[in-house]
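Listed next as structure tokens is one chain, alone, in the form predicted on its own.
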Amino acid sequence: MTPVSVLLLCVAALLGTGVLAVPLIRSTRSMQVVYGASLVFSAIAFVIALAYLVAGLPSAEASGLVLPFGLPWLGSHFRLDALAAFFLMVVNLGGVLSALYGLGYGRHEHAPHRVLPFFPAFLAGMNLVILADDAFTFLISWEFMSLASWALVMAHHRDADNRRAGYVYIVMASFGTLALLLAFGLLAGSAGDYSFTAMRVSAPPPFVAGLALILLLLGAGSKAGLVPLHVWLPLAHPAAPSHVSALMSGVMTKVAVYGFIRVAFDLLGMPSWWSGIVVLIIGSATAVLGILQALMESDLKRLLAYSTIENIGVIFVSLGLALAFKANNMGLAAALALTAALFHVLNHSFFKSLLFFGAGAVLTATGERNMDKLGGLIHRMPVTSVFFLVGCVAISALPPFNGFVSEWLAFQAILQSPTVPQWGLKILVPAVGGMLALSAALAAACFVKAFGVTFLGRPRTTVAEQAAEVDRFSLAAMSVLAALCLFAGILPGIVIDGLAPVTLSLIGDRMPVQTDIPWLSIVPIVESRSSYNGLLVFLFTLFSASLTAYLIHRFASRGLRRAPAWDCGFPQSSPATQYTAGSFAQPVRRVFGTLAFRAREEVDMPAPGDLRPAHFVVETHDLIWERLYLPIVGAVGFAAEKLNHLQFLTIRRYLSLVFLALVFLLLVLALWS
């Protein structure tokens, strides 16, 4: 059997598991059966994709299969190449660990009958999107993935906020699918051949390619969370169960990135240099606005959701650089930028899944997502706190963990921009680099807040004080992800060489072979420009920290003195006197809030002698929602009200409308031909 045949059997098995979950719902073993089967089938698919990528087969030897489903004259085409193999690894590794986490977390699920049937179906949908090799199969799989994830978001539908999240999500998902449908229609052209093979050989005219790119950004960008199409993401991701949140944030958004890469780098042909400018502007704005929103949040899962928007922005900045370099025939620089994007795709799937698992553990132990009601959990959940700290350090792009390497590669790609001939890119790329640096600094501040307010200090509520460590399945899933964050950070050369078949198939070039470089260093271009050694950084950090701890314990005074902690002049011992999520973000809010959120602070301070408590109120606004989406909602409501009388027409008028619509479509077809 070919690899793609085995992968499709795994997909069929996942779909069968979802169907089997329905009659097993009332069984006490249903959770173990569904999550166990999902783990096994995802693991098989992961191993096959990993073996294919390691083999490094050229794109000409891609494994393909056509099934007699779908459109009668087209069938359903499936194909496995290096790009698909890499994203299948990301999807199925996320599926394995989410299923492992679900074995423990699922015991606390209040509505398992609304989760178990759709969990394996969601995994199957994401696999089908990546394997699809024609537009019809791709769009059907895309919609199936969207509907399965929507059902998981609506698992707790009795909550009004979850219902609103599900409604916004399904509307944005439908809009994205429509945009992708139009993009594929443009690429198919008047010939109407919707197979990806035909689209590759028929290079579209520049105007059509540009229009298809804009539609692609709308379609894939709405699923990935690009600004201003991100409004569904901070609503839907927190609403889902935590292991599903990890899949949606750490994996499903990468399927959207795959869709963009597949079309922009594979089907559209040689890009125009201005396409890089469009993607760079959108990506950099997404990165900065996403992390600013995250800093304003006190809900732990919403903070992580907004952070996903920032990381998607980082990925698209690298993709924009790759498009610009590819358009100028700068193969090595384009390969560097694309490698940075793919490396960050992998890294984000690691540390964002880890952080959502940690947030799920906190939610299981305390029932709270509001950080201002937590605190002191490092003493009650020590293992979870260590794993969550690893995720915070990794996502903050601090060495020796993996987040640093991919962002460092992105900055190395930015440094190649002076050699591009277009002055627009010469001016824009350094500005984008500054915005990327700003987002990295804000991300570090954001996750200092997330970890400090949640795990450090004293418990602010009874539930935080009574919290206990979670089950061994959840801890095992988090431990694997924490180890992967460290491994990819200290041995990045192995990952970079593993990504070489992808860049060779899409760019025609690759980064230098990294495993041949002494001391396991990585060299993006040439060693005289820059290099990095994650293993040496890790060993130095470990040695210096151990030496410092030894010297302190060896030579410091052994005398012990206990005294009250410094109280800043407020001797009241209430935990309410600690820093909160809002107070931690106050300096950033005062610098950026007026412009980005129209933030306003109101203080009601009673006069001396007045026994009323003081009140401090912060008011922020989501300007994109208020100025873009609310007017659209109002316009749709107005139009629907005015067009309501159409449902009361006579049969003759209905027939006239149908006739006019037919004439209009025939005119469009005639002009198109």
Partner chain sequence: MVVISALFIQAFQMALVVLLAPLLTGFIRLIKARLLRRRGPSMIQPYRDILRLLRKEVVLAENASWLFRVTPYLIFAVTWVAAAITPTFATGLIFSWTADLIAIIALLGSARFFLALAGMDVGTSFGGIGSSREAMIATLAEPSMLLIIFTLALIAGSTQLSTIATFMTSPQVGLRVSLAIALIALVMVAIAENARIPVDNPATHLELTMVHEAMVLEYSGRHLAMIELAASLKLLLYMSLIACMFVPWKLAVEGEGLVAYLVGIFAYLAKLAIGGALLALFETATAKMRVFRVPEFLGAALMLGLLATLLRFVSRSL
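Being a predicted model, the structure only gives us computed values, none of them experimental. Residue numbers count along the first chain shown, from 1.
Another form exists, predicted in complex with the partner chain; not displayed. Remarks below refer to it.
Chemist: Which among 328 to 336, 214 to 222, 152 to 160, 379 to 387 is in contact with the partner chain in the predicted complex, heavy atoms within 4.5 angstroms?
Modeler: After filtering at 4.5 Å, what remains is 379 to 387.
Chemist: Within 4.5 Å of the partner chain in the predicted complex, heavy atoms considered, which of F175, W274, Y579, F144?
Modeler: Among F175, W274, Y579, F144, a heavy atom within 4.5 Å of the partner chain in the predicted complex occurs only for Y579.
Chemist: Looking at A191, V201, I427, L71, which is the one with a non-hydrogen atom within 4.5 Å of the partner chain in the predicted complex?
Modeler: That would be I427.
Chemist: With a 4.5 Å heavy atom cut-off, would you call H110 a contact of the partner chain in the predicted complex?
Modeler: It does not: once the partner chain is placed as it appears in the predicted complex, H110 has no heavy atom within 4.5 Å of it.
Chemist: Within 4.5 Å, heavy atoms only: does R458 come near the partner chain in the predicted complex?
Modeler: Yes - in the predicted complex, heavy atoms of R458 and the partner chain come within 4.5 Å of each other.
Chemist: Does F451 reach the partner chain in the predicted complex, with heavy atoms at most 4.5 Å apart?
Modeler: The answer is yes: F451 has a heavy atom within 4.5 Å of the partner chain.
Chemist: Give a yes/no on whether E469 approaches the partner chain to within 4.5 Å in the predicted complex, heavy atoms considered.
Modeler: Although the partner chain is absent here, E469 would stay clear of it in the predicted complex, with no heavy atoms inside 4.5 Å.
Chemist: Taking the partner chain in the predicted complex, which residues of 529 to 555 have any heavy atom within 4.5 Å of it?
Modeler: Counting only heavy atoms within 4.5 Å of the partner chain in the predicted complex, the contacting residues of 529 to 555 are R529, S530, S531, Y532, N533, L536, V537, F540, T541, S544, A545, L547, T548, A549, I552, H553.
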